[in-house]
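Okay, here we've got a single chain as structure tokens, the form predicted alone, with questions on binding and movement later.
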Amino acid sequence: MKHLRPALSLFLLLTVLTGLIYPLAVTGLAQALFPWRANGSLLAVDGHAVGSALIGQNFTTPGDFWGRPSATSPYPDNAQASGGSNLGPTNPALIDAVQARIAALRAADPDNHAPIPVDLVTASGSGLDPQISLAAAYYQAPRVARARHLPLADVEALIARNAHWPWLHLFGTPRVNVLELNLALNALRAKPID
């Protein structure tokens, strides 16, 4: 009993500290300092959440920009199954998947003979990457413009307006969030074209 009482006291103290006080403090700080991120970075249209800026979505229609392929299962961009395929660069399954993705991109836009950016045919480590490179967005611009009956210059200007640049233009690469870009594209389509 002499050793049990301090052990039980310490157990209860640590339970209250790490199970109650610490989570409440971290949650409170996150809500106070970064409320948008702490609440999932949700993007809304007309007051309804349509997705998170942090999790990719599977866009497949010709009039939308497509994100990176997803290695999650049982369906693409499954946030409950985040993870890469763990296939090495010489793995036949990865080579076959990349070739199939290249064929799908060529079939969707047969007149586009530009080199296909690598992020359109390879999945990210999480399988949920919400962003693509500017090269990947500009590669898709002719297909999207044609499908939406928009001038290519308008679609390319939209990509430029939605570009996220690296911190101090030094660390990282320019990129665009696919969901944000598609939402901006929908808003552009809703406006009358001059």
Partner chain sequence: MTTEFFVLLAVLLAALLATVRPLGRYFAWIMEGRPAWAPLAAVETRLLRLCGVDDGEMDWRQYGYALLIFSAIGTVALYALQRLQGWLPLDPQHFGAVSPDSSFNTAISFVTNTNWQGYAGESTMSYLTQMLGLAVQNFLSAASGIAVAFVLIRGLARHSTRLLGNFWKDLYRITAYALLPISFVLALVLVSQGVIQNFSAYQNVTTLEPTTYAAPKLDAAGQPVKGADGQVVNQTVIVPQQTIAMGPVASQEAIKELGTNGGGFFNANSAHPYENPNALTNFLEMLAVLLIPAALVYTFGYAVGDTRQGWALLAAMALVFAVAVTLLAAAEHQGNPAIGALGVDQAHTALQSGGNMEGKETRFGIAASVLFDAVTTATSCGAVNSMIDSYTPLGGMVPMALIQLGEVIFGGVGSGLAGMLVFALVAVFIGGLMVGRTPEYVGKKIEAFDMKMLSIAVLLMPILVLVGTALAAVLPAGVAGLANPGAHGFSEMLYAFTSAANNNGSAFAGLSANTPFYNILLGVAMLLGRFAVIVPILALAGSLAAKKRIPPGSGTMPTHGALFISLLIGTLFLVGALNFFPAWALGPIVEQLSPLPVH
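Residue numbers count along the first chain shown, from 1. Remember, predicted model here, so these are calculated numbers, not experimental data. Between two forms, the rigid core is the largest collection of C-alphas that superpose within 1.5 Å.
The protein also exists as the form predicted in complex with its partner chain; that form is not presented, and the subsequent description refers to it.
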| its partner chain contact at Asp154 in the predicted complex, heavy atom, 4.5 Å | no
| request: State yes or no: in the predicted complex, is some non-hydrogen atom of Arg37 no more than 4.5 angstroms from a non-hydrogen atom of its partner chain? | output: yes
| its partner chain contact at Asn162 in the predicted complex, heavy atom, 4.5 Å | no
| message | I'd like to know whether Pro110 contacts its partner chain in the predicted complex, with contact meaning heavy atoms within 4.5 angstroms. | response | no
| task | Enumerate the residues of 4 to 34 that have a non-hydrogen atom within 4.5 Å of its partner chain in the predicted complex, in sequence order, or give none. | result | Leu4, Arg5, Pro6, Ala7, Leu8, Ser9, Leu10, Phe11, Leu13, Leu14, Thr15, Leu17, Thr18, Gly19, Leu20, Tyr22, Pro23, Leu24, Ala25, Val26, Thr27, Leu29, Ala30, Gln31, Phe34
| message | Aligning on the core only, does the CA of Ala25 end up 2 angstroms or more away between this form and the one not shown? | response | no
